[in-house]
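Here we start with a single chain on its own, the form predicted alone, put down as structure tokens.
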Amino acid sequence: MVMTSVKAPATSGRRAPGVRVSGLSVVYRTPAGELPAVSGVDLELVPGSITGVVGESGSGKSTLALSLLNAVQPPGRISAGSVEIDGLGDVVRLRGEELRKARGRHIGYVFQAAQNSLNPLKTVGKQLLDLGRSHDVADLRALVRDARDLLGRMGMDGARVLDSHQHELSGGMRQRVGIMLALVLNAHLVVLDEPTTALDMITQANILRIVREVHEERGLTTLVITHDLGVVAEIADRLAVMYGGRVVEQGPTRQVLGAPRHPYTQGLLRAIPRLVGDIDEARALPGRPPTLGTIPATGCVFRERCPLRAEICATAEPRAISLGESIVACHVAEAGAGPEGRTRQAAEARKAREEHT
């Protein structure tokens, strides 16, 4: 079987790490001052799980992911909070050589634009060797063998790919090369930023299958950043929904998608065309997502687009509350937590749907 060497790390005594993001805030310096891209995010990645983070463009997903590497670049900075990773401690506090070694060895990252993470002047194999040397890998031949096996597991000719430049590879092949480079140093926390963007449907399906299989075979904790609810529905165990730099809803994927509590999550689901029935039933969210300069300083960040908004939404930021296995930050959801509230919320939701149709 091709993956013999790939399975070895899962039995090497290392356990999949847990990740606890607490009060994380990231700001960007602008002529108007420092503006928040991520605000007070609390998120836990359960060891051995796949967690999906979804939201529209500009919701703060990629900034959150880069924070796990402590790789937010100027003019951005992590202004508050912590990212505790088992075996590493608080990544926000790591600096210099400690931080460099954590990247790749402990945290593997697959960038959104795979071609931008590859050097166009070097073959994939030479970049692999550079990676190994930078992390003091003693047996470079074994590293190449593992890379070849990983690429073969992903349906490619490993030897040919390692001897190729990025322009000689398709978009799907470059994406798989990025996954290989994130895994080859045996990182047990892997972050994939939009792993299926701009890929055809067949390649998307193959990438998702590879992510799930490699996740299970290597014993990983995996974070998948995407704007595509279909992607997380396919592979994620847990789901976090972001809007305006906040996590507005999170919980088990089936529960969040099957019974969404936040109006934004409900709106995302209503916007998806169905394969059967009337395609016109899909309803786009009204308005546009906020930018750095238009995120409200007070109140609920979603209120301008929310069909269920109340007076309190303009003045008070909703607190995160537990509703079953889900955590939701919404005044309406909080008010609807009791029996009477749930009845009222259902009636308001029906009225809102009628008004938007």
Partner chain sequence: MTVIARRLGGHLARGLVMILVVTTISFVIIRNIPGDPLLARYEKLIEQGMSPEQAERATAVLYGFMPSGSLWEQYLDYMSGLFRLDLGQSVSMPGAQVTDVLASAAKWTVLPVLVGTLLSFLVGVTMGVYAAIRRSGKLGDVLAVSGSLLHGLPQYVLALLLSAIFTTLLPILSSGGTADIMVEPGFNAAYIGSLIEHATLPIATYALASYGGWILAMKSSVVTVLGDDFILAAELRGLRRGTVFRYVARNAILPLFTILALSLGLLFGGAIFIERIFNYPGLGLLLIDSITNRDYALMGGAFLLITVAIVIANIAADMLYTAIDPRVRSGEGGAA
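Numbering follows the first chain given and starts at 1. As the structure is a computational prediction, the values presented were derived from the model and not from experiment.
We do not show the form predicted in complex with the partner chain, though everything after this point is about it.
Although the partner is absent here, T253 is not a contact residue: none of its heavy atoms lies within 4.5 angstroms of the partner chain in the predicted complex. The closest heavy atom approach of R95 to the partner chain in the predicted complex falls outside 4.5 Å.
Put simply, L43 is far from the partner chain in the predicted complex: not one heavy atom of it is within 4.5 Å.
Residue contact check for T196: none of its heavy atoms lie within 4.5 Å of the partner chain in the predicted complex.
A heavy atom within 4.5 Å of the partner chain in the predicted complex is found for exactly one of T226, Q266, Q204, Q127: Q127. L131 is the sole member of L131, A259, A271, A142 with a non-hydrogen atom lying within 4.5 angstroms of the partner chain in the predicted complex.
Of the candidate stretches 64-72, 50-58, 32-40, 291-299, only 64-72 has residues with heavy atoms within 4.5 Å of the partner chain in the predicted complex. Shown without its partner, the chain has H165 as the single residue in segment 146-166 with a non-hydrogen atom within 4.5 angstroms of the partner chain in the predicted complex.
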